[in-house]
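To begin, one chain is listed below as structure tokens, in the form predicted alone.
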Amino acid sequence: MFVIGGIALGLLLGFSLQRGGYCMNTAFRSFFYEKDRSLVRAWVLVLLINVIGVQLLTELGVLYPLVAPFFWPAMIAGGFIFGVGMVLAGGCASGTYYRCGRGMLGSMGALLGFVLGTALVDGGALTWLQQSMRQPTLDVRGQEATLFNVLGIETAGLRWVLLGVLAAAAMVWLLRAPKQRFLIGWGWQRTGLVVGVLALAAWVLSAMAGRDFGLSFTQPTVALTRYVLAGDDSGISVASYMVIGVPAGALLAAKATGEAVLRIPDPRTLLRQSGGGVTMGVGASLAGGCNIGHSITGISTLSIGAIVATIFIMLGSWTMTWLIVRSESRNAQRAQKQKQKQQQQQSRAKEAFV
């Protein structure tokens, strides 16, 4: 039952990610480097649905959400490294998975790199780094740090007051959004709504299977790698089947719109994306999660660790994007100067000939 449910949910998620072009690398980059912030709005809508939904289901006793320990050195460093990696890879963890389904060979290289990066840190040569960076932790009176207990909010009424304020601020911002300029597939409203509902459904399905967590890509990737390489099925869960379903769902969506075409990048781009995948995997395994595990599922519990990790994922993304933009600008300037120099030399040669 849970195998079928997990794969079905993964198929729907992959289909939705592809149709909405939902990639958090693009969303985070758009804060500073793009005029259209539609994917940011989709992400905020996903959070709105999940923060309220998870709290409501927790109050009803349906969920008992797992909040990760706030091992701050690993979350800060790992989040930043992950952000750098997803820019180099050309997509976040979930974006890499679904783009494999539409035939992008560069994303396949990034996925293989992601698998290698997670393997290096979770049980591989860099396990010592993960263990050492996760030792310093911060808690609140012996409990995992959340926005609620950091602010000293203990009653259900006050929790809902805080959630109401946050939800109202998000709704005002979303309702004031300008018309989406660039629309190829779904708009941000439909994308955020569908992905948000599916993310919340992942919480419920996981709870039914005895797993107190929602969508994630890092842990399932590690678990599937260990199963394939060593036959170790101890980490296989309903989330593993969701991850398997994502590329297949994206393939179905791409087939329906004629976008399922094998795209082969040049060797340099393929190498960069593969290296970015390794970097993403290392960062995600250090931080205990990726753009989905922290920036959607973790924030759904108002985890301070997930919020901090997300902030540093953004910082890593912005830093790497700035470096690339700066490098491209310098290359363009050098090319322009070289062209002008050649034109001047040609002009002098003509004058000398005359």
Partner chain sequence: MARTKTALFAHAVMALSALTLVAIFAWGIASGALSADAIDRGAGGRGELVLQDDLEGGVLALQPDEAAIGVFDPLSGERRGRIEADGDPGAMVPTPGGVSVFVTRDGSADLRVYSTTNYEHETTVTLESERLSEDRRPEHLLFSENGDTLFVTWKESPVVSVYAHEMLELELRTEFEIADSFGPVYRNRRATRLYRKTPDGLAVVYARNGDHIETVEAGAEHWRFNPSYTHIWGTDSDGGLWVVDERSTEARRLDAPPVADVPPVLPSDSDTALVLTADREAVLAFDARSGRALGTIELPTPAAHLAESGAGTVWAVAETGEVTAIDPVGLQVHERLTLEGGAPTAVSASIVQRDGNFACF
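No experiment lies behind these values; they were computed from the predicted model shown. Positions refer to the first chain, counted from 1.
From this point on, the text means the form predicted in complex with its partner chain, which you will not see here.
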In the predicted bound form, residue 275 touching its partner chain (heavy atom, 4.5 Å): no
Heavy atom of residue 3 within 4.5 Å of its partner chain in the predicted bound form: yes
Residue contact check: residue 238 to its partner chain in the predicted bound form, 4.5 Å heavy atom: yes
Contact flag, residue 97 vs its partner chain in the predicted bound form, heavy atom cut 4.5 Å: no
The unique member of 262, 175, 156, 168 whose heavy atoms fall within 4.5 Å of its partner chain in the predicted bound form: 262
Contacting member of 77, 200, 119, 223, with respect to its partner chain in the predicted bound form [4.5 Å, heavy atom]: 223
Neighbours of its partner chain in the predicted bound form among 278 to 310 [non-hydrogen atom within 4.5 angstroms]: 284, 285, 288, 289
